[in-house]
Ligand SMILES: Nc1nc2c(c(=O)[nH]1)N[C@H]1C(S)=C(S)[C@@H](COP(=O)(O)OP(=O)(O)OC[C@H]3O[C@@H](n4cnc5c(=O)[nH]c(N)nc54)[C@H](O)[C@@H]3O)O[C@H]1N2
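Shown below, as structure tokens, is a lone chain in the form predicted alone; questions about how it binds or moves come after it.
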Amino acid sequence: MIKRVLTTCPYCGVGCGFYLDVRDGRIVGVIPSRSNSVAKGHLCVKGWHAHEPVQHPDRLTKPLIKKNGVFKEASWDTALDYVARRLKEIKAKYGPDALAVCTSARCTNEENFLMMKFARAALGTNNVDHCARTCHSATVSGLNQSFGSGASTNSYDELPRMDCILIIGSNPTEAHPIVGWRVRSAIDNGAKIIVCDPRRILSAESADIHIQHYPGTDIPLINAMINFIVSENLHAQDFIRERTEGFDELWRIVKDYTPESVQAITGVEAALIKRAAKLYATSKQSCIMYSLGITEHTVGTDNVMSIANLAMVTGHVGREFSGVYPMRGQNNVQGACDMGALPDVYSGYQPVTDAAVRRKFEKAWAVSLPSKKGLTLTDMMTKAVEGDMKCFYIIGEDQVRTDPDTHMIERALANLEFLVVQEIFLSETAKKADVILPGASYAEKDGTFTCAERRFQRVRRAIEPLAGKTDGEIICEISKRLGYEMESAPSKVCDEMSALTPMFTGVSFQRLEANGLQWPVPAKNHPGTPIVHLGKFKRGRGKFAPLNHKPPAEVPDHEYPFILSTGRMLFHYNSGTMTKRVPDLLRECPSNFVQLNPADAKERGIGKRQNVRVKTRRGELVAPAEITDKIKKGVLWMPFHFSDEPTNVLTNSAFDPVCKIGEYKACAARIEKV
């Protein structure tokens, strides 16, 4: 007999719902949920195979302790006792800020809440962060400064009824396929599509306008669009006057960014910029969709604020069928941020430096809490290299393969006195651990995820944890050994989070059973909020940011004449620990490759699928060449999913000074035949 369990997809941030079919304690299939408000009965190719990695033979099921460089199996009590003892020793010797916690966008909201509580209440440090630092921390900082809230302004349901969708630095067809399907529905309904991307991605194939600008030139491109819109009197003057501030300061900068003046910087003809600007501004119902192509730059925060500038100058925000959609990469990266898995805030973005907020949490948790901001993940790694960080506790993230400049990350981890990794597979980061604690997959736990449209959704246990414990239970057992007890039952953790977080007051498992709720949900009977900033922005008035172009940290030169950019593919996900264990997905794309323009290939005598060596100032790797006119001359592009051919040995660890996000999307490179 088959038992059918409704849950939420563990891949990207779209938040599709499906059923796991279970027979005799094993998951045997996936069926999409027609009633799911996000996917409406659709799944991408990864979602259809989401059950396969769960019971893969490679799953970690026993705690492992490294002795003389070799992992040995241990009992749970032995491993947890050892971890707790080493955490106590390091804290006593160096102080709590020598320890850091890296929690996970792969884990539930409740587990992220527990992990940030563990760091602050049990360890006594605000050194807690997660992968949003390397993907959408620029969204949090940028949109918060412009609008007062660092999340999507509108809902997926509005996309099919848009008149115009501007996609910039996002590849929805491959990275967020179900949102890509929503965009396709909008096209079928007559919507016009503008795609701004250095590659001719699949979305560009069906776009009305494709702007193929150089990586790292988003600000001059957007400034030029604003320049044309205002010069042609296409801006929303009433909206600007009534709902925003700082427009005059913006115009003093933008007036010099004419479409003609930015042609040489962006590589885009002025006429095309003008067409795109007019189409976006004059369409009644227009929105902007962006992702890591915008955020993963040394000017990531500025890029996001530029997008906010464009939305506000046209009045395409703060109402239905408009807005800004930051497409989140991982299934619960929005939720991990919301839960306070960040060094400067508790759940609901309540500042750790606010004495009144801190007193509230101290009273609830019955413990004194640290008052200064913690370190970002970027700074944690730097401190580890310098010898000032002694211990990491990492859950569900593979920093060795997903963070920029792999060699620097390896030096950081090697310099620690103690590394604990909680994982479901033996990742490259786990291999460097002193202790590996076997975690639980999404199918083995209860809880919630929050998708990119701010929707809390239920995650439901389909099978028992293969290793015997959920991630939340592991965290709580270590905390108990440190002398601080925490409740591990997911529904009660959710209730605790809601009680301490005004914007989530109305969130509970019971209320989420149907189709979830979009935050803010400020009261027990509140229906949720599909659209934010209606009437006024959360910060009061939307704030324009006057921004000038700053080139990437590395620009092409004689030695490294190309711009290298990286991104995602349809068939794989992040470092591939899950998707590369699915035969159908691995068959479609078994290994890494580098895309380059035919003119660049001809100049260097490079043939189709010929092995080439890609070099940057940090490293080199060999991969076959994919010669395609879909990529601009002078630009190289590589995916980053392959641990045996790790693209991030090449990428630059230069970071945005505001949010400390790394510059994955632009670094200087060269390419040569092998």
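Residue positions are given as counts along the sequence shown, with the first one as 1. Quick caveat, the model's predicted, so the values are computed rather than measured.
Missing here is the form predicted together with the ligand; even so, the following discussion is about that form.
> Among Asn227, Thr298 and His549, does every residue place a heavy atom within 4.5 Å of the ligand in the predicted bound form?
Judged in the predicted bound form, none of Asn227, Thr298 and His549 sits within 4.5 Å of the ligand.
> Only one of Leu292, Cys287, Ala277, Met305 comes within 4.5 Å of the ligand in the predicted bound form by heavy atoms, so just point that one out.
Answer to the contact question: Leu292.
> Using a 4.5 Å heavy atom cut-off, which residue among Asn154, Ser146, Asn127, Ser170 comes into contact with the ligand in the predicted bound form?
For this set of options, the contacting one is Ser170.
> Is Pro490 close enough to the ligand in the predicted bound form to count, meaning some heavy atom within 4.5 Å?
Pro490: no, not in contact with the ligand in the predicted bound form.
> In the predicted bound form, does Gly576 have a heavy atom within 4.5 Å of the ligand?
Heavy-atom contact with the ligand at 4.5 Å: present for Gly576.
> May I ask you to state whether Phe640 is within 4.5 Å of the ligand in the predicted bound form, using heavy atom distances?
Residue-level check for Phe640: yes, a contact with the ligand.
> With the cut-off set at 4.5 Å between non-hydrogen atoms, does Trp519 touch the ligand in the predicted bound form?
Flag for Trp519 set to no.
> So if I measure heavy atom distances to the ligand in the predicted bound form, which of the stretches 232-240, 597-605, 257-265, 209-217 falls within 4.5 Å?
Only one stretch passes the 4.5 Å heavy-atom test: 209-217.
> Which residues in 426-451 have a heavy atom within 4.5 Å of the ligand in the predicted bound form?
Sequence-ordered list: Ser427, Gly439, Ala440, Ser441, Tyr442, Lys445.
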